[in-house]
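This document opens with one chain alone, in structure tokens, the form predicted on its own.
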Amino acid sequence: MNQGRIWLVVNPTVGLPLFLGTVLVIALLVHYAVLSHTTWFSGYWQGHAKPAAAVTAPATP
């Protein structure tokens, strides 16, 4: 491990929860941003589908 000496400065019982807590906060912020800034995502979770496009037959020569 090339950053193994960090545990000589920061105790793992403090550093690991801080690291994992930071990852958790970032993940929650990203999820909140997706849910609050898109118009389609809530409809996707509710099961709303776009209406199917009409299929037309190709013209025969």
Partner chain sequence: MSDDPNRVWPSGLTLPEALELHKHVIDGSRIFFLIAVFAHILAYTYSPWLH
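Residue numbers count along the first chain shown, from 1. It should be emphasised that the depicted structure is a prediction, and the values quoted were computed from it without experimental measurement.
Absent from the display: the form predicted in complex with its partner chain. The rest refers to it.
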Mark W45 yes when one of its heavy atoms lies within 4.5 Å of a heavy atom of its partner chain in the predicted complex, and no otherwise. no
Consider V23 of the chain shown here, and say whether it contacts its partner chain in the predicted complex, taking contact as heavy atoms within 4.5 Å. yes
Heavy atoms within 4.5 Å of its partner chain in the predicted complex: does V14 have any? no
With the partner left out of view, is V9 within 4.5 angstroms of its partner chain in the predicted complex by any non-hydrogen atom? yes
